[in-house]
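Okay, so here's just one chain, in structure tokens, the form predicted on its own.
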């Protein structure tokens, strides 16, 4: 069985994999959002998602340590590694103390920040191409690319803010102050903002229909207006709240 899911939150991904295992479906592979499952006894496995120092690889020490713990490396995807253990062998938790949890989420935050930097570089390149383009169709394509990349950046920033909230909670358990706290707080961008920017990019991709029917143009206008409303609402929602 194959199911499609897209997760930025590794904790929610872990919950999903364990929920599927509880229903009798063991995750066996992953590729670009597509999860492969084989049948198993309900609750036979416990899954965890970890982050490694490498990219599509783990060290020999990491493999040996997991083997000693009775943990199977199911698959690698980028810096993420999906692990599982037989539920009959006892609880499976990767980070049992606050300090190691803080270190773990600091790695995740760093990963998302690198991804944001890469997306910003791509966005800058798309914008440069749009400035240099001469025909309207090319300009529209580049602007759509900019909007879609911006939507991804907003999603990644949301995840950085979410991880900061987790880190602040963990540090509070140790009686530590959050070094990233500012007077602006940890404002997580609204999901409305992300949806609006994404819809704006899709609207730009809707090239003028041959003949330019009134119905087509009206539908495109409605979608564009909806995108603007979502972006406006998202900006207001983002500015009026601290992280949730």
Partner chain sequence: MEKQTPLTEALFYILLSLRKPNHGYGIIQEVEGLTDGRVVLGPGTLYGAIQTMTAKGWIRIYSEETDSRKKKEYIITETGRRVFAEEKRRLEELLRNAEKMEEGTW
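Positions refer to the first chain, counted from 1. It should be emphasised that the depicted structure is a prediction, and the values quoted were computed from it without experimental measurement.
The same protein has a further form, the form predicted in complex with the partner chain, not shown here; the description that follows concerns it.
Note on contacts: among 69, 206, 40, 191, the single residue with a heavy atom within 4.5 Å of the partner chain in the predicted bound form is 69. Residue contact with the partner chain in the predicted bound form: residue 135 places no heavy atom within 4.5 Å of it.
Among heavy atoms of residue 96, some come within 4.5 Å of the partner chain in the predicted bound form.
Not displayed here, the partner chain is approached by residue 92 to within 4.5 Å at the level of heavy atoms in the predicted bound form. Interface residue remark: residue 59 is counted as part of the site for the partner chain in the predicted bound form, having a heavy atom within 4.5 Å. Contact annotation: the partner chain lies within 4.5 Å of heavy atoms from the stretch 59 to 67 in the predicted bound form, the single such stretch among 59 to 67, 30 to 38, 214 to 222, 196 to 204.
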